[in-house]
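So this first bit is one chain, no partners, the form predicted on its own, shown in C-alpha cells.
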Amino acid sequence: MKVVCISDTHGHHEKVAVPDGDLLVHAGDVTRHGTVDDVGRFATWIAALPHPRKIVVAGNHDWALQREPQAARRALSGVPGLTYLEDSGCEVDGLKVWGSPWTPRFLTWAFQLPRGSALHRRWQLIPDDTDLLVVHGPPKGILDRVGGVLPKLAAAATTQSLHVGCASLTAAAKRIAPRLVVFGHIHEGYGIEARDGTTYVNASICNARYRPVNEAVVVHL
C-alpha cells in the first residue's frame, strides 16, 4: 500500500503537490485560524484528490472540530473515502488505523491536555494491534526538536534546542509497535526516522515560518 503523508498545511493546501497513492493521511492543522469555513475549504480541496481512502485528524489550530464539531464534521463527511478520526479507528484494506488529535498543553490551543496522566489515558485507548497510528504531535525524542531560544517553552532562555514531544506517546508507541506513526505539529521536525521496526514520519508541510515548503512523504506498507 502506498501511503501519502502530509500535515500542518495551515490553509495552504492548494500549494501542496500531493503524489498519487492508495491512502492519503493528513495529521492535523488543516487550517490556520480554525473556522468551519476553513474546514469547508479544506474539504473541497481534499475531495478533488484521487486517493481512494483518506484519513484526517485534527490539530491544535483546528478549533472548529472542537468548538463546533457537528458543523465541522459535516463539512468533512461529504468527502468520498474520507474518515475523520478522533480517539477512534478504522480499517483500510486490512490495515488497522487509529487517530487522535491530542498534544501536550502549550498556551491556549485546541485539543491539548496536560502532560502526564491526562495524555496517558488517551494513548491507553490505542488498540494493541494498530498498524498505522495518526496523531497530531510527535512522541518525545522523535522528530520533535525545536531550535533557538524559546522562553515560552522553557524557563531557561539559554536552551538551544528542545525535545517537546509527548513522553507518554513514546511509551505507547513502543508498547504497540505500529508499522507506521504519522504526525506533524513541530514544523522543524519534518522528516522520517525508523526505530525498532516502526517508521516515524513528521509530515509537516509548513516550516517554522508557516510557509508550505516541505514535500509530502510517501511510505510503502
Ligand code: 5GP
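These numbers were taken from a predicted model, which means no experiment stands behind them. Residues carry their position along the shown sequence, with the first being 1.
Heads up, the form predicted in complex with ligand 5GP isn't pictured, but that's what we're talking about next.
Of the heavy atoms in residue 185, some are within 4.5 Å of ligand 5GP in the model of the complex. Shown alone here, residue 61 lies within 4.5 Å of ligand 5GP in the model of the complex, counting heavy atoms only. In the model of the complex, ligand 5GP lies within 4.5 Å of some heavy atom of residue 164. Though the partner is left out of this view, residue 146 does reach within 4.5 Å of ligand 5GP in the model of the complex, counting heavy atoms only. Stretch 186 to 194 is the answer when you ask which of 34 to 42, 47 to 55, 186 to 194, 63 to 71 has residues with heavy atoms within 4.5 Å of ligand 5GP in the model of the complex. Looking at 94 to 112, the residues that come within 4.5 Å of ligand 5GP in the model of the complex, counting any heavy atom, are 106, 109.
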